[in-house]
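Take a look at this single chain in structure tokens; it is the form predicted on its own.
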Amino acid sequence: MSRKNDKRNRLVEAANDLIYQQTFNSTTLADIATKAEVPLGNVYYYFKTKDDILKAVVLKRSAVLQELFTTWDQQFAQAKDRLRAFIRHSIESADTTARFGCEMGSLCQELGKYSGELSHLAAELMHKTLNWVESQFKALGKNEETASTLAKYLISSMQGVSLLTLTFKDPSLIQRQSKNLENWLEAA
């Protein structure tokens, strides 16, 4: 990897962390440069605006999501097992969720208040997740309408418990809800 890409990658990583921990609105280019250990003036070489950095962050998060989905698709032959992995994944980040909220949900909530491209980019993350979950329910033999309803229920349940976990700073809420969702999945 060239040094040029290293600086760019460090800026995207720093922006990703800061936007998650303190929101996009309150993150400055100076914050990002400091965390990435890149001189502030160099930031403009890689990104013309703060929005451009956000676009790179969303693309990074989208790639991470796709990696997870691909891994679960390859690792588990059965759709229910893939959905269980999706549910259990939230347990791994329960402590962080209690401090900062859901990484995807927080960004979608913040950018959903904008109009235009930023809102659209965040919505694409949620659409990608919704489409993958819906495809798992279709693989279980559910028709399109039922698969869509079940996918929305699962994601809204997980996002709701993420909000409660953040509000009450209680990671055990995610653990309990995950078990409830796994039981629900067995009956679905």
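Since the structure is predicted, the reported quantities are computational estimates derived from the model, not experimental observations. Heads up: residue numbers just count along the shown sequence, starting at 1.
Keep in mind the form predicted in complex with a further copy of the same chain is missing from the figure; the text below concerns it.
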| property | result |
| --- | --- |
| Candidate stretches 150 to 158, 62 to 70, 135 to 143, 34 to 42 - the one whose heavy atoms come within 4.5 Å of a further copy of the same chain in the predicted bound form | 150 to 158 |
| Close approach of residue 127 to a further copy of the same chain in the predicted bound form, 4.5 Å, heavy atom | yes |
| Interface membership of residue 49, a further copy of the same chain in the predicted bound form, 4.5 Å heavy atom rule | no |
| Heavy atom of residue 106 within 4.5 Å of a further copy of the same chain in the predicted bound form | yes |
| 4.5 angstroms heavy atom contact with a further copy of the same chain in the predicted bound form for residue 12 | no |
| Interface residues of 162 to 182 toward a further copy of the same chain, as seen in the predicted bound form [heavy atoms, 4.5 Å] | 163, 164, 166, 167, 168, 169, 173 |
